[in-house]
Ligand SMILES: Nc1ncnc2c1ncn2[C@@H]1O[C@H](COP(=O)(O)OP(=O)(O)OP(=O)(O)O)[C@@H](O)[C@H]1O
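Next up is one chain by itself, shown in structure tokens, the form predicted alone.
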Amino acid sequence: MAIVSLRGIGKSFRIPSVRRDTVREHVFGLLHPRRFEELRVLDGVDLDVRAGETLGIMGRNGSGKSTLLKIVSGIYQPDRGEVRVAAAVTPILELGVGWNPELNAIDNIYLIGSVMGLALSEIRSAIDEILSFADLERFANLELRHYSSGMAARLAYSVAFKAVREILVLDEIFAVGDAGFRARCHQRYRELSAAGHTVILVSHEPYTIASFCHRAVLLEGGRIAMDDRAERVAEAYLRLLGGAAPAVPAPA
């Protein structure tokens, strides 16, 4: 049975033809209404994800990957079509949203952890683990405004991984941090997958998709152009980019 089911999903955005940044531009612009171009990002997407499945999503920039993840996560509503999600979703998409830069790491862990659905007792017992996973123990009492983007990203991923419920949605998760942090992310991901969590993963890296996913889809022009085993989709993506398509290993 599908834990995520999408039928006929369509999503468009209105792009203004003229950019207005200042108050003066907006005032004078009242006399000249802007024209808008409709950018269709998703066009009739049908997709089922089974409980416990790991699904990869690939596609060129602008193909609709991130928009699709946001619709599954409930961040965007589709313009048309039906979305059915039968379990709680933990999205790891736009890092840093909701952080308070004037607070230190511990206070922000309480803040974001609560937003992600963790009880205060769960957060309290997990603080040391979260800081250790992010390799930020020395900086626990440092305000986030002094963090580098990489430090903030590691902290965000660490909190989100601890807050995972039934469905985990990831956007380029393995592109952050040094080799040690990526290795910890790989291990945590495999633990969640082995525990039966459903995972939807977007990545431009063919090896990542082939290594961590059993099945994948290829988006092109807002539609699903291919739905197959992960290594086959990864190879098709390489061909789409115009390069050679070496054999991509199947998931271990």
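Being a predicted model, the structure only gives us computed values, none of them experimental. Heads up: residue numbers just count along the shown sequence, starting at 1.
Below: the form predicted in complex with the ligand, not depicted.
This chain appears without its partner; in the predicted bound form, the one residue of Y110, W99, Y76, F181 with a heavy atom within 4.5 Å of the ligand is Y76. Put simply, of L201, V49, V45, V41 only one has a heavy atom within 4.5 Å of the ligand in the predicted bound form, and it is V41. Contact annotation: E172 falls within 4.5 Å of the ligand in the predicted bound form, judged by heavy atom distances. Within this chain, R60 lines the site of the ligand in the predicted bound form, having a heavy atom no more than 4.5 Å away. Residue contact check for S193: none of its heavy atoms lie within 4.5 Å of the ligand in the predicted bound form. Contact check for P206: no non-hydrogen atom falls within 4.5 Å of the ligand in the predicted bound form. The stretch from 65 to 73, 220 to 228, 207 to 215, 193 to 201 that comes within 4.5 Å of the ligand in the predicted bound form, counting heavy atoms only, is 65 to 73.
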